[in-house]
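The chain below stands alone, shown as structure tokens; this is the form predicted on its own.
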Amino acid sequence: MKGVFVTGTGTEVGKTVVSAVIARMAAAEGHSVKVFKPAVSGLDELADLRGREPIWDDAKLLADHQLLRLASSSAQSDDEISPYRFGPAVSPHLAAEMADEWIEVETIESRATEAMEGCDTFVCEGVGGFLVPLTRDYLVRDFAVFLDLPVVVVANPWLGTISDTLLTVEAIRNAGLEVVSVVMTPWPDSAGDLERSNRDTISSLGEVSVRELPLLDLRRPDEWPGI
């Protein structure tokens, strides 16, 4: 694939990790990789690494755009990867309002287009879930439709994931996009009946490939499995 759009069933489900794994796999195969995330929030909760280039030892402390750049071996700047970055851990539209800023749709779309056209493989991570607003009237869904890339859905394997995942898959397909896979993470080392049933039920009812990704040590990318 020329590129992929990674979304999730909600926030904190592992989208950045899955995006990083995909970018790392492509880079390891010799592809030139560019990464993108339209907005990042929650920077106030992360370590301040200004003044030096982050390394893998910092991986657990990195902002999403920093981890994506590290995984892809990209030379992109912060602005090229994520044009809007905010301190509070809230939805982008609210974070922008709190900062007395405005997220410009044209900026997001043009920066993403530039990145997509300058590489072999383009990995774009969404923000939160598929229907999260980037502005008051422009959703992650609308950005994904603009890019027109196949979509990977990231979901957890726990109780409640069936409905969340199938609703996300349905929303993506209703938007006219292809769902290439669901990735369930962190997949437990000893999966029980619940996790296996969730995986198989989502695959069957959603008519979609479901893959498993265990909890990763972000500091050791050479040990990451493929997906």
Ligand SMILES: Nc1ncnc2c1ncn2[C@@H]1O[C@H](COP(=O)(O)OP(=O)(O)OP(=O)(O)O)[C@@H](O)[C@H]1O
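No experiment lies behind these values; they were computed from the predicted model shown. Throughout, we count residues from 1 along the sequence that is shown.
Keep in mind that the form predicted in complex with the ligand is not shown, yet the notes after this line are about it.
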property: Partner proximity in the model of the complex: S204 to the ligand, non-hydrogen atom cutoff 4.5 Å; result: no
property: Partner contact for K37 in the model of the complex: the ligand, 4.5 angstroms, heavy atom; result: yes
property: S209, heavy atom within 4.5 angstroms of the ligand in the model of the complex; result: no
property: Close approach of P92 to the ligand in the model of the complex, 4.5 Å, heavy atom; result: no
property: Site test, K2, P150 and L177 vs the ligand in the model of the complex, non-hydrogen atom cutoff 4.5 Å; result: no
property: Among 25 to 33, 194 to 202, 160 to 168, 178 to 186, the region lying within 4.5 Å of the ligand in the model of the complex by heavy atom distance; result: 178 to 186
property: Within 4.5 Å of the ligand in the model of the complex: residues from 78 to 111 (heavy atom criterion); result: none
